[in-house]
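Presented below, as structure tokens, is a lone chain in the form predicted alone.
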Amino acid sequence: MNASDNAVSRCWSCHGPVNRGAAFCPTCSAIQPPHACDPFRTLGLAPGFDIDSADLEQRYFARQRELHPDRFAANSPREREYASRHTANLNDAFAMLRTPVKRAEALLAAAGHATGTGETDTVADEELLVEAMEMREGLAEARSRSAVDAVVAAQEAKTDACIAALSRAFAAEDRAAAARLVLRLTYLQKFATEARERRGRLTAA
């Protein structure tokens, strides 16, 4: 958490004190302008890789009910704008935290550690490149949906193991290992998309 997260500003409506990041004024309940905020704080969670998906969804929908622009349809244009911006931030935070890769990237970015998953990045990990090539070769050789399903099952097992390894890496604060695992998980998920597309082009067998 940044020091600025604890700063106090003034409510635009009643001019009472409001903690930075608070969505509503504690004095007059007016909705406040949103500030840049990390996704964990947006959803009231402590930063960490391991997240209870059900709890995440409950937090998201509860905040969505509080901040949805429809609740402010009869309010001033300023309040409607704030509600829309809060909702956009909330949606972005939820989309990030519900996905293991993006959640891990957010944690690494907060720690100042690059992940190397950008589109222009090159991969120097020979073991990862060999694994990706072998998976694609196996997929290319699959001639039926059932054969593709077998390839996908193997990929899903690798994905589960990779996510478990990511959890251990973050628990050990081994960010270098976490960054490598994020890259591997990115490859695995991209491969899953390719496998689904190939399956859709094949006849049942």
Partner chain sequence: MSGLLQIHEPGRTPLPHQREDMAVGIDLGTTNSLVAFAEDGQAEVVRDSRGRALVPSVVAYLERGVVVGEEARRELLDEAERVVVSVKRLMGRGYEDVQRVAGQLPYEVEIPADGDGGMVRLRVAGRTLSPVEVSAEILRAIKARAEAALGHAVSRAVITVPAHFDDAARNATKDAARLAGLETLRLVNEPTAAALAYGLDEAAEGLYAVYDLGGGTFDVSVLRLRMGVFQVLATGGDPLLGGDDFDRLVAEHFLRQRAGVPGDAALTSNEAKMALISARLAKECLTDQDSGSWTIDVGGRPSRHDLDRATLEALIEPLVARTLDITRDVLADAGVTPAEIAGLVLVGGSTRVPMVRRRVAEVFGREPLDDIDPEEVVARGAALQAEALTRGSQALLLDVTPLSLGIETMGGLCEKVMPRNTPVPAARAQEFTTYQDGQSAMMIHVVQGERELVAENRSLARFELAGIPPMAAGAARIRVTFAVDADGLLTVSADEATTGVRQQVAVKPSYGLSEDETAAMLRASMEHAAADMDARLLREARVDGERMIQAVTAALRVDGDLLDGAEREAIAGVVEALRRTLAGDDRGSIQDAVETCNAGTEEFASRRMDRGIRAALKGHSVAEVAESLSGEN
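Quantities reported herein were computed from a predicted structural model and do not represent experimental measurements. Residue numbers count along the first chain shown, from 1.
FYI, the form predicted together with its partner chain isn't displayed, but the following is about it.
Residues with any non-hydrogen atom within 4.5 angstroms of its partner chain in the predicted bound form fall in just one of 166 to 174, 25 to 33, 152 to 160, 133 to 141: 25 to 33. For the residues Met96, Leu128, Ala110, Ala88, the 4.5 Å heavy atom test against its partner chain in the predicted bound form is passed only by Ala88.
Its partner chain is not shown here, and in the predicted bound form it never comes within 4.5 Å of any heavy atom of Ala192. The closest non-hydrogen atom of His68 lies within 4.5 Å of its partner chain in the predicted bound form. When its partner chain is considered in the predicted bound form, Glu105 lies well away from it, no heavy atom lying within 4.5 Å. Of the heavy atoms in Leu183, none are within 4.5 Å of its partner chain in the predicted bound form. Residues of 10 to 41 placing a heavy atom within 4.5 Å of its partner chain in the predicted bound form, in sequence order: Arg10, Trp12, Ser13, Cys14, His15, Gly16, Pro17, Val18, Asn19, Phe24, Pro26, Thr27, Cys28, Ser29, Ala30, Ile31.
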